[in-house]
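One chain follows as C-alpha cells, the form predicted alone.
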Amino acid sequence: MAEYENKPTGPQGEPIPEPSAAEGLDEGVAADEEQVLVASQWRLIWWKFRRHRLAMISAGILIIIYTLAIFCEFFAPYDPTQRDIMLTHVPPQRIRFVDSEGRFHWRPFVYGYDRQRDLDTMRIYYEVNEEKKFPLQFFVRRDPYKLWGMWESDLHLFGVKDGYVFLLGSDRLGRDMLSRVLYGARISTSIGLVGVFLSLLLGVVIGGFAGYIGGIFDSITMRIIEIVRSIPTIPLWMGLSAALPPHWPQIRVYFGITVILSLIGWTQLARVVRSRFLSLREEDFVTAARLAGANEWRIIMRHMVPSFSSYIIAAITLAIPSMIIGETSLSFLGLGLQSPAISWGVLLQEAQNIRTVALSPWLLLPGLMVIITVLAFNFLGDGLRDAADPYSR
C-alpha cells in the first residue's frame, strides 16, 4: 500500500488513475482549437503568416530598404551630386580590420588608390596603396543636407575625415555610388507605394460598383479593362510618358509617371474586386444592410470591402513590384525621370554601354537592388496570399 500513499484517492479510498500522455495531448490540441475558433481574422492571418519563413525574411529586407530610403541623407556618406574628376570609376573599397602587416585594428579602415594610366590603351585604372589608410568614423559631420527638405543637418552615419571611401565604387563623374543608390531608393520604392495607392482607389471603386450594380455599367467597365490589358505594356508606357511636357520640373514628372503607372495598374485589381463583389452581393449581410436603408456607397465601403480586405492587401503587395519595374524601365529608356533626379532607373542609364559595364561592373548595382526589392515583394505577397485564408492547411 505504500505506493498509493501520496496519490489522490476516490470516495471509497481507491486510487484515482493519472491522465495519460495521450489525454494531455488531446487537451492541448482542444485548447489550441478553441483559441483558433475565438481568434479574430487578423490574428489568424498573423499566426499563419509568421510560419512562412521566406515571407518573414522578405518583410525584414523590405523594412531595411525602406528605412535606408526614408533616411538616405543620414545613411549616405556623401552628397550624391558631389563630383571628383580625379576619382572617376573607382572600384569598390573593401572594409578591413587587418592590415597588410597582419596587425589587427579595432577601428575598420579602407586603403586608398593610386591613379594609373595604361600607356597602351590609355585606360585609367587604380592600384591599392597600402600606405594610404583611411579609418572609418561613425557619426561624422560632413556634407550638409536637409532631411526630407525640412531639417538642416550635416551628421552622417559613417565616413572618413581624411581621404575618401567608396564602398560601392564611383561613377564616370566621380560620384559615390552608395550615396546615389540610397537616394535613388527613395524615388524608386516610393513610386510603387504611391502608384499602388492610386490603383487601389480606382480598382476598388470601379471594380466594386461594376460587381455590385452589374448590368450595362459592368459590361462597359469590363470592355475598357480588356482593351487596356490587351495593349502591350511597354509601348503604352512609352506613349503616355512621351506625352508629358519636356519642360516640366522633375517633381512634376515624378507624379506624372506615378499617375501613368496607376492608370494602367488598376485593371487587375478591379477584376479581382468585381469577382468578389459578384459573389458577395447576394449574401445575407448585404441584404440586411440594404433593407436597413444603407445606400450603395456605404454597403460597398463599410460591409463588402472589409470582408475581403486581406485579399486586397495581398493583391496590392504583388502589384508594387510591377510599379517599381515600370518606373525603372521608363527611366532606363530615357522616357521617365532624367538627371539630376536620382532613381534606380536613372542610375542604370550609366550601364547602357557594354564597354563601361565590362570595365566598371559595379554600375549594375542599382539593377541588383531592383531585383532584391522585387523578389522581396513577391515573396511577401505570396505569404500574405497564403495567410489570407487562415483556415486552410
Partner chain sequence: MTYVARQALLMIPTLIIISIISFIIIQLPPGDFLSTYIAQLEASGADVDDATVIALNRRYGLDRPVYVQYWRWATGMLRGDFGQSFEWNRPVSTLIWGRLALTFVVSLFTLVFTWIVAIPIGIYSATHQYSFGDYFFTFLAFIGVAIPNFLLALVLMWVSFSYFGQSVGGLFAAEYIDAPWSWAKFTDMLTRIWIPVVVIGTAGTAGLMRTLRANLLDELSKPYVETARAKGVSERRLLYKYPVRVALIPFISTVGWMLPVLISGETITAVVLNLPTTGPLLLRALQSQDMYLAGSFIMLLSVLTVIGTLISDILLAWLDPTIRYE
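Residue numbers count along the first chain shown, from 1. Quick caveat, the model's predicted, so the values are computed rather than measured.
Keep in mind that the form predicted together with its partner chain is not shown, yet the notes after this line are about it.
Answer range among 173 to 181, 235 to 243, 251 to 259, 82 to 90 for contact with its partner chain, defined in the predicted bound form as heavy atoms within 4.5 Å: Heavy atoms within 4.5 Å of its partner chain in the predicted bound form occur in 235 to 243.
354, 374 and 379 each touching its partner chain in the predicted bound form (heavy atom, 4.5 Å): Yes, all three are in contact.
Option touching its partner chain, based on a heavy atom within 4.5 Å in the predicted bound form, out of 364, 57, 70, 64: Of 364, 57, 70, 64, the residue with a heavy atom within 4.5 Å of its partner chain in the predicted bound form is 364.
The unique member of 231, 128, 193, 301 whose heavy atoms fall within 4.5 Å of its partner chain in the predicted bound form: The residue in contact is 231.
4.5 angstroms heavy atom contact with its partner chain in the predicted bound form for residue 227: Looking in the predicted bound form, residue contacts with its partner chain include residue 227, since a heavy atom lies within 4.5 Å.
Touches its partner chain in the predicted bound form: residue 384 (any heavy atom, 4.5 Å): No, no contact at 4.5 Å.
Close approach of residue 223 to its partner chain in the predicted bound form, 4.5 Å, heavy atom: Residue 223 belongs to the contact set for its partner chain.
4.5 Å heavy atom contact, residue 49 to its partner chain in the predicted bound form: No, residue 49 sits far enough from its partner chain in the predicted bound form that none of its heavy atoms falls within 4.5 Å.
In the predicted bound form, residues of 99 to 124 near its partner chain [heavy atom within 4.5 Å]: Sequence-ordered list is empty.
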